[in-house]
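Before any questions on how it binds or moves, here is one chain, the form predicted alone, in structure tokens.
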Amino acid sequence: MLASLRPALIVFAALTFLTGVIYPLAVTGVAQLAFRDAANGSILVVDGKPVGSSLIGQPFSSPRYFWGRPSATSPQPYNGGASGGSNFGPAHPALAEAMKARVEALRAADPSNRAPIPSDLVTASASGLDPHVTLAGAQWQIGRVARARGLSPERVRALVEEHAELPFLGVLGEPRVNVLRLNLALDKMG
């Protein structure tokens, strides 16, 4: 019996070593060589201190900053441990109330802006962690941010355009802006 178990145990040990040690080390090595930033969490550093990841949204509420997409995670927004949407359907009263409250907050923060509010500013993403807003979502906020910082809207618009990311392959998705990167660039402006 031991003679028939021995080859199975040897194959088991070899495959465990191959798939549990060699393969993870190889993948980690390739990731560190070819995709170092992404493999390490895409952490953004300012003055030697990490301020966040460019892959996970952060809550901004000051009128001096661009605001990202709402987050449906709990107990706090952009909680990576609770990633996911609210699971409310489009006709659910709680979703309608949440969107109404978000529209009211955006209008209260910039009462002079009567333009239609882009949908991504009032709807959470499926993950609740989205670090981007659409280019339209960022442009909608230019007036508020410019007034709060004492900058010209043209200067802020130029900064938004500078940070715009084009759709993947020019057709997949729509132009977007990473909110944390944009806000860090804004802080450098003054």
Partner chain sequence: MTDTSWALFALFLAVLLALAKPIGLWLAAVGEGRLPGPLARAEAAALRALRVPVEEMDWKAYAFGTLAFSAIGLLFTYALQRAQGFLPLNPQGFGAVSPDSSFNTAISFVANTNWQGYGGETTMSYLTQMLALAVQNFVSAATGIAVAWALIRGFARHSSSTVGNLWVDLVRATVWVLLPLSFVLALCLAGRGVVQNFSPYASVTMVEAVAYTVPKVGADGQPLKDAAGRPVEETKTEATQTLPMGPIASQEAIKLLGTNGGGFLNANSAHPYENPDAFTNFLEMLAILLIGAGFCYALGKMVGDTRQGWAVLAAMSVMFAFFAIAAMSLEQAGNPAFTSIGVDQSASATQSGGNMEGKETRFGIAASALFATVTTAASCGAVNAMHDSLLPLTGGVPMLLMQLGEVVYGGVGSGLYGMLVFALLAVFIAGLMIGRTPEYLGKKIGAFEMKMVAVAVLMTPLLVLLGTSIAVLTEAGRVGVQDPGAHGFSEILYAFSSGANNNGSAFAGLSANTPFYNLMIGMAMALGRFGVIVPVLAVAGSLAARKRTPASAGSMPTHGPLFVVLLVGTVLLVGALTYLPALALGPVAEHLALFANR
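Remember, it's a predicted structure, so these values are computed and weren't measured experimentally. Positions refer to the first chain, counted from 1.
Just so you know, the form predicted in complex with the partner chain exists too; it's not on screen, but the next bit is about it.
Contact test in the predicted bound form: Ala158 vs the partner chain, heavy atoms, 4.5 Å
Outside the cut-off, so no.
If we define contact as a non-hydrogen atom of the residue within 4.5 angstroms of the partner, is Leu184 a contact of the partner chain in the predicted bound form?
Residue-level check for Leu184: yes, a contact with the partner chain.
Distance check, Pro50 to the partner chain in the predicted bound form, heavy atom within 4.5 Å:
Yes - in the predicted bound form, heavy atoms of Pro50 and the partner chain come within 4.5 Å of each other.
With a cut-off of 4.5 Å between heavy atoms, is Val145 one of the residues that contacts the partner chain in the predicted bound form?
No, Val145 stays farther than 4.5 Å from the partner chain in the predicted bound form.
Just give me the residues of 63-98, first to last, that have a heavy atom within 4.5 Å of the partner chain in the predicted bound form.
Contacts from 63-98: Tyr65, Arg69, Pro75, Gln76, Pro77, Tyr78, Gly80, Gly81, Ala82, Ser83, Gly84, Gly85, Ser86, Asn87, Phe88, Gly89, Pro90, Ala91, His92, Pro93, Leu95.
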